[in-house]
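Starting off, we have a lone chain in the form predicted on its own, written out as C-alpha cells.
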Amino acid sequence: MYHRENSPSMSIHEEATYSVNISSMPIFNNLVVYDQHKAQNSIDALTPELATEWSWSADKKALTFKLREGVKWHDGKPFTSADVKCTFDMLMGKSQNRFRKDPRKDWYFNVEDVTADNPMQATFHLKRPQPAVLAMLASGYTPIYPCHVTAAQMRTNPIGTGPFKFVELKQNESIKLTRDSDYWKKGLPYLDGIEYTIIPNRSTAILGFVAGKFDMTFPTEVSIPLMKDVKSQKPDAVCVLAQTNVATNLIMNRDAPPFNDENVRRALALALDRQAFLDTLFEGKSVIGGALLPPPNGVWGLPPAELKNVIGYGDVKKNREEARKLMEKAGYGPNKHLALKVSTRNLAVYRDPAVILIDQLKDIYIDGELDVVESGIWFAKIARKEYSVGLNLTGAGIDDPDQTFYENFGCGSERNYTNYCNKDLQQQFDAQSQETDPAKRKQLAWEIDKKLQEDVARPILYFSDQGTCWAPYVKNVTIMTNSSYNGFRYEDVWMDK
C-alpha cells in the first residue's frame, strides 16, 4: 500500500490523523473493537479483543471487563489489567510516563479512575452515567499500550499485541510491519506483512497502483476523478466510494482580530456556497451536514429538513447580501477589503477546498491568500492558535455526539481549535451524554448541533465521498462509512495470489 505522507509518529494515542491509524492499528488491540466487516460503526457491532466480556453496574457508573488470558506483547511480556490501567492513567494525565500530545484526553473526562481488580479484570469508574464510553473504547484511536514501554519509545518503535509487529519507519521512504507468528488469534494474520511506501503526490501514487507496484491505495484518499482514471486504466481494480465521517470545516481564531468580531465570523458563515464545493470537487456527490454526519451513513446527524433553516444553509444569494452588510458594519466594504491568510494543511484534500473558499470570500470584501502549512506541524500550529482563519478537516473517531461535541467544541478542549466556549451549551452536552434512551438523545443532539451552527462555532462545509481501490486478488477488505479511523486491523485480509 502507498502512504500519503510521513507519519508524524507511530503512536496512535498522541496523534490526530488517520495517517497514523492506518499504519499503526495493525500493531495493536483494543479491549473491544468495531466489527471490521460492518461498514457502519454502531454500538451493536462491537467484537471482543483483549476483553472477553463486559458488564455495567446497576447505577451505570462502573464498566467491568474480563480480560483475555495468554496474550503476550510483541516483546514476549504478558498482557494484564495493569496495562489497561497504565494506558488510561497516561490518557488522563495521571502517569509519570507522559504523552507529548494528548488529543483524546477529553474523550475520557468522565472517567474518574481505572482499577486493575485482579490480573485479568479491569473496571472503569465513571463520575456519572455515559453510554458512549463503550463506543469510544472500540475506536481505532483507543488501543491498549504496555506498562513497561515508555511513551517516547511508542512513537518510534511501538510494542503491541496486534496481528503485526513493527519493523521500521524510514522518513520519506516507508513503514514496514511483519506478521506476529505468536498472535493470540491462532492462524491469523494471513498476510506475511504490510509495507507502506510514502508517496505524498497523489497522482504519482495512483500511477504506481495502476502499474501494479501496489496492491492497494491509501484508504479513502482517491478522489472521484482519480477513481475514474483508475477504472479506465485498470478495469479489473476493485474501487469503493465511501462517505467518510470527516467534516471539511472553517476554523477562525475567535481570540484575535478580525474574528473576535461576531459580525465578521457570521459574515464568513453566510458567504459559503456549500453546493459549489460539492459540484467542483466531487461531481455533485458528498453530503452537506452539520457537526454530526447526517443520515443515512451517519447515525446521529441532522437530516436535511432540520438543517435547511440553520444559518448559512439557505439561499446563497440572500446569505451573501446579509454577509456584506455585516462586513460593512465591521468597517469593511467595496473600497476597504479585509486581507488575510487562509491557512491549511499541505495535502490535496485540504488545499483544493481552501482555494475554492478563497474565491468565495471575494464576494464579501475579503482578499484571501493561501498559507500552506506542512502536514507534520499543522495540528500543533492550530492548537496553539497560530492562525487567523483556516480550512481544516476534522475526522470523527467514532460516530457519537459525545466525541464530536466535547472534543471539538468543549470549553478548554485541546482540539477545540477556535476556542469556542458556550457554558450553557456545555450543560446540554452533559444532558445528552447521560441520556440512555437513543431517540431522546438524538433529539437533544440535534438541538445542540443547530446551536453550534448558529454560534458559528466551526462552520461545516461538507462530508466528502472518497474512494479506495485494490487489486482483484486482495480479499476481505471493508471500507467503513461513518469512520476513517476504526477499520484497519487487517488481521484477516488475504491475497488470492
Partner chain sequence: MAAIETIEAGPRRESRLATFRFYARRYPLGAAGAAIAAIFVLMAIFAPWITQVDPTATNPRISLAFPSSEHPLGADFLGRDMWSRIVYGARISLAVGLGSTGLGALFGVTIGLTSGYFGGWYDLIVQRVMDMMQSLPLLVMALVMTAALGPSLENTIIAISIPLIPTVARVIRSNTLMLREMPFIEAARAVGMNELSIALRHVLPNTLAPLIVLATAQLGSTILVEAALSFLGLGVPEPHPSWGRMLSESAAEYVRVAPWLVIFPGAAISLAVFGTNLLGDALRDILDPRQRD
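The structure presented is a predicted model; accordingly, all values stated were derived computationally and were not measured. Residue numbers count along the first chain shown, from 1. We call the rigid core whatever largest set of C-alpha positions still superposes within 1.5 Å between the two forms.
Missing here is the form predicted in complex with its partner chain; even so, the following discussion is about that form.
Shown alone, this chain has one stretch from 286-294, 217-225, 132-140, 184-192 that lies within 4.5 Å of its partner chain in the predicted bound form by heavy atoms: 217-225. Only one of 427, 118, 260, 233 comes within 4.5 Å of its partner chain in the predicted bound form through a heavy atom, and that residue is 233. Only one of the listed residues (362, 317, 94, 336) places a non-hydrogen atom within 4.5 angstroms of its partner chain in the predicted bound form, and that residue is 362.
In the predicted bound form, at least one heavy atom of residue 203 sits within 4.5 Å of its partner chain. Taking non-hydrogen atoms only, residue 281 approaches its partner chain to within 4.5 angstroms in the predicted bound form. For the chain shown alone, residue 351 is a contact residue for its partner chain in the predicted bound form, at least one non-hydrogen atom being within 4.5 angstroms. None of the heavy atoms of residue 321 is located within 4.5 Å of its partner chain in the predicted bound form. In the predicted bound form, its partner chain lies within 4.5 angstroms of at least one heavy atom of each of the following residues of 355-389: 355, 356, 359, 362, 369, 370, 372, 374, in sequence order. Shown in the overlay between the shown form and the other one, fitted on the rigid core, is a CA shift at residue 127 smaller than 2 Å.
Relative to the superposed core, residue 229 shifts its CA atom by less than 2 Å between the shown form and the other one. Relative to the superposed rigid core, the position of the CA of residue 273 differs between the shown form and the other one by 2 Å or more.
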